[in-house]
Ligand SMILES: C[S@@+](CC[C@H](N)C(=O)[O-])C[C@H]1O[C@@H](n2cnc3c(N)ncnc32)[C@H](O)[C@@H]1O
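Coming up is one lone chain in structure tokens, specifically the form predicted on its own.
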């Protein structure tokens, strides 16, 4: 949804912008193409592979800078009322999904890691083998919205008593023993997403970056968020409405009557974009 992002994010060609999730740089490159020589872009990412890509890119464009950081550190990195637009893309990049060593994919066997920042935090292997049965149930039920959460949790509990669950293949086999595929959606989709969200504390990070956006955006600045999960989208929607989060003195107004979704052509070109929801808000106070 690059065109939609650029059209809604850039309010001043000479403005200062932040891409909170650099990834492979697709959005950042297009933002830079659409601002002038006086504009600037700061990108954040906690994945060192993405940061290294960004450093190579920064060497060729003085308007651009990349920082290795959680986007929840936004207000620590930037001055108050200094930014014209902030983009938060909550998706996992294709390169992360396609790398079996990262552990995000249920289609490829690899170590059960799932950390976006591989330098810190519990791995998915640590979490699934050490967490209480109750916590696993809650994560699969609420973050995964997985109907078979009790059955899968029971199977995980029994399996880890025999040997640690250490690979994506181990986990997929447990899930497949509990449920069968009744659609094109892989049976492990919800469970893998839920564990990834828990391991990376994604909902806490989201709530914090939304709060920080209110601090660092200028009056009239734009907040653009792309979510891929109904729970994430509900947090974003309620934040814009002023019903969730700690706004402090800032308030936002929704831009557009409805959230934007990818076109049929984009979904055909990139099937992973089919669940994307883009919401745009403007800081009004």
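Positions refer to the first chain, counted from 1. Just so it is clear, the structure is predicted and the values come from calculations on it, not from any experiment.
What comes next is about the form predicted together with the named molecule, which does not appear here.
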Tell me whether 23, 50 and 89, taken together, all sit within 4.5 Å of the named molecule in the predicted complex, counting heavy atoms only.
-> yes
Note: exactly one of 212, 205, 137, 84 sits with a heavy atom within 4.5 Å of the named molecule in the predicted complex, namely 205
From 197, 112, 188, 116: within 4.5 Å of the named molecule in the predicted complex by heavy atoms is 116
Answer for residue 69 alone: is it within 4.5 Å of the named molecule in the predicted complex, judged on heavy atom distances?
-> yes
Is residue 159 a contact residue for the named molecule in the predicted complex, using a 4.5 Å heavy atom cut-off?
-> no
Decide whether residue 93 counts as a contact residue for the named molecule in the predicted complex under a heavy atom distance cut-off of 4.5 Å.
-> yes
Does the named molecule get within 4.5 angstroms of any non-hydrogen atom of residue 222 in the predicted complex?
-> no
Stretch in contact in the predicted complex with the named molecule, which is absent here, among 57-65, 212-220, 229-237, 25-33 (heavy atoms within 4.5 Å) | 25-33
